[in-house]
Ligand SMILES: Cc1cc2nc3c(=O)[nH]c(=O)nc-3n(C[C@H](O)[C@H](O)[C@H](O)COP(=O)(O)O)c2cc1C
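Starting off, we have a lone chain in the form predicted alone, written out as structure tokens.
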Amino acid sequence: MTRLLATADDRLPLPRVDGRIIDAIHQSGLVGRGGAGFPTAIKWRAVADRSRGNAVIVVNGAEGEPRSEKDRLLMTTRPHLMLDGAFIAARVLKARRILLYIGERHESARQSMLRALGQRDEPERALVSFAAAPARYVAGAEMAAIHFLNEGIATPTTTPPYPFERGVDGVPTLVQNVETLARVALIARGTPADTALITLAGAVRQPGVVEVPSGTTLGEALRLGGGATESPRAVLVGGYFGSWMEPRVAWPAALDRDLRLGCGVIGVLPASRCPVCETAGIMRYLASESSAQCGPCFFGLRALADASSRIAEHGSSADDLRRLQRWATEVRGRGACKHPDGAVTFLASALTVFANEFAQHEAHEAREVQLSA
């Protein structure tokens, strides 16, 4: 097993690569670690097939997901590994620009990347420029990143065209999460991408980022964080676009491709917290992060958040429960981007895992939600 995180970021010579690295990425089974989980080799081949020496590489370090910390930790502690991945991509895909798209609040990460860039002497160094990603949930979506880099507006646009067809400056573009590029750098050196980075949040004794071998169970990962601070009611797997799971189902679940890890956040909800209020708080946040580009996102998510909040604040309502079930179905698949889909996936899991709590919820003074932004 090769650890991605280390106590020091020792710079190593950039490995010699050619188009065969894409085959190695494919054989490794690497998928994007930014949330979507799309096969990395497919993205690279699509850009390689269209680049005429004009491709653009976008290193996505926006990390706007609440509670997620893994990307900024990587940029702070292993900046050279990320630059290695970006430079390898530039060489293989014949790129003319490398854009480091880093969250505007991640100042330590940005400074670390700047220092590392100043220590590089490869010709790709001259291709690099920086852009500050707005501190919004949707800003890390690849179409939102391209929209921002082209027009200064961090909202997703409809597809097609896809980034590999026409992205930044209208040319083939690879948008890749920083962790994914770091793992490409390891693969190029002949080492497997055989670990997972997750952020433990909520009722955990030692919240933060842990690195575990692929296939580790959620229960084992939680133990690395010191265990839960109290009896858990549920586990949120994959952040706000993820799903709630019952602890008895979550703990034996393996961290592999069959588990939708999304941005890698594992949130532990203690039994002392109200799951209805927690769900309502997250739905309000997701509604507030709407790009306001289409009805399902702007009106649909607001309606779902309002109905969730009414139940949380005033008690169970058969009418509102029916509305939540019906509207969640109607919103799915109709948005201009994937934001509404992610929100209703989260809500649908809440209505299943917390079915009894939603049906029998009594009005009470809600404390500040634990897992909300």
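Everything numeric in this text was worked out from a predicted model, so none of it was measured. We number the residues from 1 along the sequence you see.
Keep in mind that the form predicted in complex with this ligand is not shown, yet the notes after this line are about it.
Using a 4.5 angstroms heavy atom cutoff to this ligand in the predicted complex, none of 199, 237 and 267 count as contacting. For the residues 92, 187, 138, 98, the 4.5 Å heavy atom test against this ligand in the predicted complex is passed only by 138.
Interface residue among 175, 86, 75, 280 relative to this ligand in the predicted complex, by the heavy atom within 4.5 Å criterion: 175. You can rule out all but one of 344-352, 47-55, 32-40, 319-327: in the predicted complex, only 32-40 has residues with a heavy atom within 4.5 Å of this ligand. When this ligand is considered in the predicted complex, residue 241 lines it closely, a heavy atom lying within 4.5 Å. In the predicted complex, this ligand sits within 4.5 Å of a heavy atom belonging to residue 338. Although the partner is absent here, residue 180 is a contact residue: one of its heavy atoms lies within 4.5 angstroms of this ligand in the predicted complex. Along 42-63, a non-hydrogen atom within 4.5 Å of this ligand in the predicted complex is carried by 43, 60, 62, 63, in order along the sequence.
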